[in-house]
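One chain follows as C-alpha cells, the form predicted on its own.
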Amino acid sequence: MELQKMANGHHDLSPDKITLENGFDGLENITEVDTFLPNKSNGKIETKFTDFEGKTSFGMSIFNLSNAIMGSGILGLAYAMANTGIILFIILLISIALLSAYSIHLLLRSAGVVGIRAYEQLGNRAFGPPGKVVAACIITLHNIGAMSSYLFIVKTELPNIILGLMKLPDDSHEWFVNGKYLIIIVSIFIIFPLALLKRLGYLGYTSGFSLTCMVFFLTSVIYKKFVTECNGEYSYNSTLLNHTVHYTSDTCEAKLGTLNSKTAFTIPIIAFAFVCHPEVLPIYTELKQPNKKRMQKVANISITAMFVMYLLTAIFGYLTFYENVESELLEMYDKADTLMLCVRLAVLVAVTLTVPVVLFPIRRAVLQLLFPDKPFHWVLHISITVCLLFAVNLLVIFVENIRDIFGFIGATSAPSLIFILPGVFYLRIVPEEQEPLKSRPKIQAILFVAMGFIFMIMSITFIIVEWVTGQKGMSGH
C-alpha cells in the first residue's frame, strides 16, 4: 500500500523519510519517466538524492563536462577524416556523438532509479562488491592513461615552445628545456593546487579558460586553411615518434569517401574523443537543483558543442593538408610560425588545465574502494592527490613511448566506460517491473552492450596488428 502511494505521488519523499541506508528499495519503485529526448509529457516525480547538496551552476557544469570531453584526440580527427573521406567521417562522428549521449542517458537513468550518483556505487548496486571494484579499476586505469597522455604532451611540446619563444637552438641542453623537469614544475605549481580543490565545480572557471584556448586553436586552424598553399614540401617532425618525414604533396583534392588500410583506426579515434563518462556522475553530484532532465541537458549541450569543434577542426585541418595530414595535426605546421607557436602554447595550457578535472574521478574511485565510509578529511584528500600525481609523473618521466601502453588501456577501458558499464548497470538496476527484459529500452541496452564488446575486440585487434606490423595509428582521448 505504501509503495502504491509513492507511485501515485502521495507519499512524503523528503530526505528525512528516505536515507541512503534504507531508501534505495523504495526508490526502485518510483517510475522516473524522463526520456532521452526531452518532451512536454515528462512526469513530475523527481528522485530525491540525499548524498550531497550540489552548488555548481548549470553553465559551470557545462564547462566542466565539455572540458572532460575535449582531449588530445582532437589533434587526430583530421587524420581520421583523411582515411575515411568527408561523408563517412561525418556519419561516424554523428553516430558516436549520439551513442555517447545515449550512454549518459543510461547512466543517469540507473542513478535516478536508486538515488546514487557515484559510478562505483552503481557497480556495487548492480553486481555487489566485485562490480564496485571493477568500475573503480576501469575508471582509474582510463583516467591515469588520460592524465599521462596530457603530461606527456607537456613533456614533449613545452621544451619546443620555450626554444621557439627564446630563439634557442634545437640542441640546447639548458635545464629549463628538459621535459622531465618541466612536467614536475607544471605538476607542482599548476596542477597540484587545482587538484586540491574540494569540489569539482570550482574548476568551472579553469575549464572555461581551457575551452577558450581550444577555440583559439580552432580559429587558427581555420585561418591557416586560407593562407596555406597545398602544393609544396611539408616537414613532419614528430617528437612523440622521434622521426622526420619529408614529402611533396601532389594531391590537393578532397575525397568524399575513401577506404584504406588505416580506415579501421578511425573508429577508435572518434569513439575515444567523446569519453567523458567517469566525470559525468561527479559533475551530476555537484549540479545545483539536480535532476535527470537537467543533467541530460548539460550532457547534450556539451556533446553538441564538442561535436561542432571536432567537425570544424577535422574539416579545415583535412582541407589544409588533404591526404598528407598526419596523426598529430599541430606537427604539420611550421615550428617557426609565431601564430602556431602561440597555438601550441594554448593547446598545452588547455590539456594542462584538463588534468585536475580528470584526476577527480580517480581520487573518488580510490576513496570508494579504500575508505568508503570515511568522511571528508583534508589529510586523506591531499595524500591521495600527491600519490596520484607522483605516480603519473614517474610514469611519464621514465616511459619513452607511452602510446603503446595507454593505447591498450584505452582500447579496453574506453569501450567499457562508453558502452558496456552503462548498459549492464541499466539492465541490472532498472527493475523488470518497470521495464521487462523484452521491452524496447532493455533490448536497446543489450544491443548497446554488444556493440561495446565489438568495439573493444576491434580496438585490441588493431593495436596488436599495429605492434606486429610496426604501423603507427593514433588512439586515445
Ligand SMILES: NC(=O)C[C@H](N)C(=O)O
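In this text the structure is predicted, and so the values were computed from the model without any measurement. Residue positions are given as counts along the sequence shown, with the first one as 1.
Keep in mind that the form predicted together with this ligand is not shown, yet the notes after this line are about it.
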item: Region of this chain that lies against this ligand in the predicted bound form, out of 87-95, 271-279, 211-219, 156-164 [heavy atom, 4.5 Å]; value: 271-279
item: Site test, L200, G204 and Y284 vs this ligand in the predicted bound form, non-hydrogen atom cutoff 4.5 Å; value: no
item: In the predicted bound form, the residue from P361, P356, G179, G73 that sits within 4.5 Å of this ligand by heavy atoms; value: G73
item: Answer option from A146, A314, I104, M295, heavy atom within 4.5 Å of this ligand in the predicted bound form; value: A146
item: In the predicted bound form, Y150 touching this ligand (heavy atom, 4.5 Å); value: yes
item: Exercise: Y318 in contact with this ligand in the predicted bound form, heavy atom 4.5 Å; value: no
item: Any non-hydrogen atom of A68 within 4.5 angstroms of this ligand in the predicted bound form; value: yes
item: Y79 within 4.5 Å of this ligand in the predicted bound form, heavy atoms; value: no
item: In the predicted bound form, residues of 88-106 near this ligand [heavy atom within 4.5 Å]; value: none
